[in-house]
Every structure is written in C-alpha cells, then in structure tokens.
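The chain below stands alone and is given as structure tokens, in the form predicted alone.
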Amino acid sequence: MQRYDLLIRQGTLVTPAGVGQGDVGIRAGRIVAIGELDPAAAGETVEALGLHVLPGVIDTQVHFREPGAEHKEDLEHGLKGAALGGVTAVFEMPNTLPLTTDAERLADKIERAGANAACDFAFYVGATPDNVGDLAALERRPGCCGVKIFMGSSTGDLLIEDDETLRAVLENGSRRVAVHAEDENRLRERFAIAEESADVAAHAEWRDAETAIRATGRLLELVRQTGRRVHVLHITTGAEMELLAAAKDLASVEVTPQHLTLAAPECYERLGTRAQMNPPIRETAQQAALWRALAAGIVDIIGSDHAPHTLEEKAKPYPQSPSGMPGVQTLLPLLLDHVNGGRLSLQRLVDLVSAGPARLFGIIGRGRLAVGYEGSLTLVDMRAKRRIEESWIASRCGWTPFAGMTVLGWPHATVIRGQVVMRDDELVGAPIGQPLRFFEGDSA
C-alpha cells in the first residue's frame, strides 16, 4: 500500500485536466497520487471538503526592503505575510540598501531569508551600467530568479535610462528580464507638475500614460532587435496592452491587483498618499482596458508589487511621500473576490499566479497540481466572506489600502512541500522556506 506524509482529502482540485473532487497524496515533498485515496495510508490528513485546492500561489513581484530599510519591512515579516495570504513562494526585488547587484549581495539576501522563511523565495539582481558584463553569470546563480531593469526612477537608485545601456543589458544573458517601464526623461521634464500641485491626485498626471507608453515602446524595439525575452511589470494603460499584444513571442505581461481594483480619482480622495504607487493608479477607463486585456489572454501574470512604507513616511507632503503600498498578503483575497464577482475564472487565476510564473520563469516542479510536481498547494474557501483588517497584516508597515474591504473568498491553508505552514489565519510549525530552483534553459 502506498503511504503518504500528507493527504489532502475530498477537496475540489483545480488541475490541468479540469476541476473536480478528489484527494491529493504527498510523500517526501512531492505529489505521488491524485484520486480517491485511502486515508488510513496518511501520516497527516487535511479535510478539504468544501475547499478548492490550487497549485501553490507564486507572487513574482515583492519588495521586502531588507537590507537597509527593515523599519518598514524585512524578509521575515514579508515572507510571513505571504504565507498567511496563501502564497507559497515569492520573487523579491533588488532595490534594497545596498542594492542587490553582485554575487555577494545576492548570497547575503539568501542567507538572511533562509533563517526564518515562512515560504519559498528567489531574488532578482538589479541591472546597472557597471555590472552589465556580470549579468549573464549572476542570473544563473542559485536562488536568483533573473535580472530587473528600472527604466524610470522609483524607490531606490537602480536606473537604466538610455537605450545604449538598455541594449547592453538585454544582450548579456538569456533568462527573461523583468522591466519597470517608465520613461525617465519624461519624468524629469514633467516633475514640476507634481511639485507645483503638492497634491497626490496629480501623481497620475505627472507619471502620465505617455510616460509608460513611451518606455514600453522603446523597450519592445530593443527586444525585437536583440531577441531577449522580457517581462513587463505593472502595466497600467490600454495602449501598452496593444503594443504588448503584438509582441507576445518576446514579452510577457504583468498587472497588479491594485490597478485592477482601485481607480482614480476616488482612490486618491479616499486614501491620499496611501494610494500612491509607480506607475500610478489611473482612471476607470484605463482599468477597464486592463480587464479587457486580461480576458483576451494578453496578461500572463498578476503580481502584488508589495512595496511597503510606514504610515509616517506616507504622510509626508506630496511629492516627498514615497510611492508603494503593501500587497503580498492581500493578493489572493482580492483575486478570489474578483473570481466570485465573475471577472475571471478559477482556472484563469491559477494560470496567472501559479502555472504562468512557473512556465515563464522556468521554476522547477511548481505551477501544476499533478503527480510528480512539488506538494506546494494553496487551499481556499470560495464561500468565506471576510473583512480585510489591518490587525491581520503581518508586514512591519502595519497597514493595507484595502482595510475595511469585504471580500468573498479567502485562503484557508498554505502547504509547502507537503507541510502545512498556515491554517485558518495562523502560521504553524517551524519556517521551512528555501530558495526556488530554476531550469538552466531559457524560459518559455
């Protein structure tokens, strides 16, 4: 008789073959059986009747601020928030202090995370004019998910603003490159709009649609010339989606729950600088374009862009107030609410936050609820009606722009390699997170 370390029993399984009730047996960290399984063969059983069982959620864009700004977030609290939100793994960004731009700093982050990691992790290295020649080797180091480019200035000092250096980065390496696409020259030219207004409602006027469209267009021209695959982060405009739809052979696309859920001007009137992020929250017409692109299959991934600051920092007068908001813990509740609202299917959600990240970035053993894959799963209660409270937020910043929002659908449990690490809003057991592993070949 086959035995299991963990048996997920009578859940509604979201698999590549469809959605239906069944059991999942996990042994030595891997799924070894799916179907109607013998509960007597299990060392531990999770009763999942009434719950949906998804392949583990992966958040491919978070900023955990360590080292250098641990007062607003650190790896321990960021990873705890991820696990509490049903997230089994994250990709963390390089704009820390010091910047993650070489092998020593990458290794330092991996060591820091491994001590108290509630879920799995990988780190980007940041592209600079000084490390272009090192990028091909850096992107292949264990625990590295790839290279990150900032075409426009945001939080931190990473910046590749000219086409010559951007081309050099694209020509050094082979893995998919993540890009923040805002045009730096236009941001500088228009900064007076923000300074003179001193009103956060002007944020989307300063960093207007043309700032994003221009940068995305420049990027795609170079992508076509170099053949390098890119992942364009947090798209906010319909015009960008049209450009990206014509470049699907080389460019994948991310949107965030913030841009799908919040809209200007209401969010600025209600939240003030708490709604400030880069690229900005835009008007409802642009938000509708994002939803159309998602329905059309142009969008490949939804990432949280978790980017916390303290409320004291956010309370500074605009534009001295920093851009960014927490989001890793609310990623899944918001998306489940949109599923229940009919905006996307559960299968589409799985592709956006699990199968898509694994496929595009070449994560080994993740992204499918199937025999042979890692036993990293997210269990959700689609009927749970919950109010998002700041007391639930694990981030050191201690707040969320979605406080007070009632959602339908909630993460019930997080399972990593056959071990339950979160159940019913509580972390359980010792931290077991470890670096993700990636295929050596190019991503899809």
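In this text, all values refer to a predicted model and were calculated from it rather than measured experimentally. Throughout, we count residues from 1 along the sequence that is shown.
Beyond what is shown, the protein has a form predicted in complex with a small molecule; the following relates to that form.
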**Q.** Partner-facing stretch of 171 to 179, 306 to 314, 220 to 228, 362 to 370, counted where any non-hydrogen atom is within 4.5 angstroms of the small molecule in the predicted bound form
**A.** 306 to 314
**Q.** Residue (of 324, 333, 356, 257) lying close to the small molecule in the predicted bound form, criterion heavy atoms within 4.5 Å
**A.** 324
**Q.** Of 113, 235, 277, 127, the one that lies within 4.5 Å of the small molecule in the predicted bound form (heavy atoms)
**A.** 277
(Q) Counting only non-hydrogen atoms and a 4.5 Å threshold, tell me whether 63, 150 and 154 all contact the small molecule in the predicted bound form. (A) yes
Q.
So in the predicted bound form, is the small molecule close enough to residue 287 to count as touching (4.5 Å, heavy atoms)?
A. no
Q.
Given that the small molecule is not shown alongside this chain, does residue 252 nevertheless sit within 4.5 Å of it in the predicted bound form, heavy atom to heavy atom?
A. no
Q. Taking 4.5 angstroms as the cut-off for heavy atoms, does residue 100 touch the small molecule in the predicted bound form?
A. no
Q: Would you check, heavy atoms only and a 4.5 Å threshold, whether residue 273 touches the small molecule in the predicted bound form?
A: no
